[in-house]
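Below, in structure tokens: the form predicted alone, a single chain.
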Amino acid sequence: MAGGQAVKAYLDLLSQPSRAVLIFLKHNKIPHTVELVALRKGQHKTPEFTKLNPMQKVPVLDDNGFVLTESDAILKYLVTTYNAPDHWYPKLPQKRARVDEYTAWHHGNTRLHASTVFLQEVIFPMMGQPTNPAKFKKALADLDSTLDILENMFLKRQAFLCGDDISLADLLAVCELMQPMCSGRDVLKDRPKLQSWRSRVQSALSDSFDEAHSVVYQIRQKFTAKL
């Protein structure tokens, strides 16, 4: 712990990595306060926030003056600094390497393709821009290929992506795969193996999962009501 006070997390709960950080803080009972940064209102571009994070992105963690950006770095810092249970980011080198393997792959695959589906189907129409059919079709195909790898390479026959217990890999992945739910699209609906994995993750995270995803459920309700 960099100090004796609660950490401060700068988050927008429509941001998948922000939800991952909030879930981790809540589930592991790490003392924290939340400063909401509404990306849709441009609050990440204010001089005050830009001074905190010149990249103008969330999440950001401030641990008593130690400021850290990037969800992967934030989560790994929280595990090691606040003595979270070992299964999140194991100390055993080979087990830890499996989590690192997934998180290195995550940003250019699970995150990229799930967020592209969300942008094309939800955000662009909300901004008055039509969905690009060709780009949307490609995003769905790319996500489908990613789900194949999640299922056949990472999950295989084990309970979670990197072993027999939940890790940071599962937390980051599930938050991304929940994002298309904003339109009512369940990208796992034809994949019972991954559906079972998601249920295990949700069960392991208990109330913190639904609390963090309440914004997704609210948008889904509004979006599907318009159909």
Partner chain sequence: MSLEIYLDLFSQPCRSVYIFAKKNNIQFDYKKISLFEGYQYSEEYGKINLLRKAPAIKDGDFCLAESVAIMLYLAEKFHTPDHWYPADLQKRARVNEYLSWQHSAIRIHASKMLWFKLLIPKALGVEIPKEKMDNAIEDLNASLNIFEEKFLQDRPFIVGDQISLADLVAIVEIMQPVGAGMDVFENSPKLKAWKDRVRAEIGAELFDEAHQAIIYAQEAVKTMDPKKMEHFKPKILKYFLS
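Numbering follows the first chain given and starts at 1. Being a predicted model, the structure only gives us computed values, none of them experimental.
Below: the form predicted in complex with its partner chain, not depicted.
The contact with its partner chain in the predicted complex, taken as any heavy atom within 4.5 Å, belongs to Val67 out of Leu39, Leu36, Ala159, Val67. Here the marked residues Tyr77, Arg98 and Lys138 all reach its partner chain in the predicted complex, each with a heavy atom within 4.5 angstroms. Residues within 4.5 angstroms of its partner chain in the predicted complex, judged by any non-hydrogen atom, belong to 47-55 and to none of the other stretches in 178-186, 192-200, 163-171, 47-55.
When contacts are judged by a 4.5 Å heavy atom cut-off, Glu121 does not count as touching its partner chain in the predicted complex. Taking non-hydrogen atoms only, Gln129 never approaches its partner chain to within 4.5 angstroms in the predicted complex. For the chain shown alone, Pro133 is not a contact residue for its partner chain in the predicted complex, no non-hydrogen atom being within 4.5 angstroms. In the predicted complex, Tyr89, Pro93, Gln94, Arg96, Ala97, Arg98, Asp100, Glu101, Ala104, Trp105, His107 are the residues of 84-107 with at least one heavy atom within 4.5 Å of its partner chain, listed from first to last.
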